[in-house]
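A single chain, nothing else alongside it, follows as structure tokens in the form predicted on its own.
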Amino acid sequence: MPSILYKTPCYRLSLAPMLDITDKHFRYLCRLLCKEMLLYTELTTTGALIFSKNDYLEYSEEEHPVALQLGGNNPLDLAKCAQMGEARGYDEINLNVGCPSDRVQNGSFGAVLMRDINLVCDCVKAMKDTVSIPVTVKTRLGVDELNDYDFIHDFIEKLVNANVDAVILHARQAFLTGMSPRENRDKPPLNYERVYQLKKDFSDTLISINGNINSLEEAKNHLNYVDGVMMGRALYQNPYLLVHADKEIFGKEQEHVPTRKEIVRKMYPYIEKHLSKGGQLKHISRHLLGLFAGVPNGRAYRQYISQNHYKENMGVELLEKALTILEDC
């Protein structure tokens, strides 16, 4: 059965995988704001999936289309985890070949893999051989001294020959030494034009762009040159940016555009279900802090939640109280 990835243009806008951010709770919030976009999990290592007793694959059915991002360098392990993801209903498997964090480097995956394209292709082929859903790669434009156009062109060409279904390019190179993960997000210069050129060179390959894209207007401009746009930090800092995405990015008419307060209240049944299973309010409420970015009394709203949501037996009544702090918006 063809994947939902090819039934809809969901790849035109996607949520970037972000460690400790794009968990199932934040993805659920994003889905309330935008029905069409593609959601990515945070990076999940093969070791965690194979050896841990925790359920790292849990998600809500409402999240579809949703992609599982894997971190690893062993083709057999990645194939096994891809099978696990497909069995649980994920719509895509994505291999991380771009994260520069020390933890990822110590595991010899992420951006380190850019130095071994043949291994990356072996990983892609192993997953492609075992699942029927798309297998994609998220990477950067280069790593350390390997940063010219010929390098990334050859890299993409070999991925295409390995039958990768799509490539997401963070429009920066990665530095494995001399820069922290935070600095790697901002300091290496952006090179959108290089991504545009790669799309021209590989016109039959689905290519998405990522990196410091902060508005739907910027996203729409990039879509003149590439197939998809991936947004990350901007959406976490202000999730309400997504409320017009179904119309602006996907051309869907919206009968009703929910207010910020309505979005918070739409979360209540989900929150109460989480609490009934022994979860804590703070697991979800932390993701609601950015909803009122730039709104009068938004800071007071955030402070009230932050000062109270970690306490025992906190429920949706805390959020309702926080909403009363805000001016009508």
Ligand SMILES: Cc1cc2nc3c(=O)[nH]c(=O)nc-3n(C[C@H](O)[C@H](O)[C@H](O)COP(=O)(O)O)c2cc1C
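Source: prediction; values computed, not measured. One-based numbering along the sequence shown.
What comes next is about the form predicted in complex with the ligand, which is not displayed.
Item to check | Three-residue site Leu19, Arg185 and Arg233 fully in contact with the ligand in the predicted bound form at 4.5 Å by heavy atom | outcome: Every listed residue reaches the ligand in the predicted bound form, so yes.
Checklist entry - the ligand isn't shown here, but in the predicted bound form which of Asn212, Asn221, Ser215, Thr205 has a heavy atom within 4.5 Å of it? => result Exactly one residue meets the criterion: Asn212.
Checklist entry - Which of these residues, Asn191, Asn147, Asn96, Asn73, gets a heavy atom within 4.5 Å of the ligand in the predicted bound form? => result Only one option qualifies, and that one is Asn96.
Next on the checklist: To test your reading of this chain, name the stretch in 149-157, 76-84, 254-262, 224-232 whose heavy atoms come within 4.5 Å of the ligand in the predicted bound form.
Outcome noted: One stretch meets the cut-off, namely 224-232.
Checklist entry - Within a 4.5 Å heavy atom cut-off, is Glu42 in contact with the ligand in the predicted bound form? => result Glu42 belongs to the contact set for the ligand.
Next on the checklist: I'd like to know whether Gln69 contacts the ligand in the predicted bound form, with contact meaning heavy atoms within 4.5 angstroms.
Outcome noted: Yes - in the predicted bound form, heavy atoms of Gln69 and the ligand come within 4.5 Å of each other.
Checklist entry - in the predicted bound form, which residues of 158-176 put a heavy atom within 4.5 Å of the ligand? => result Contacts from 158-176: just His170.
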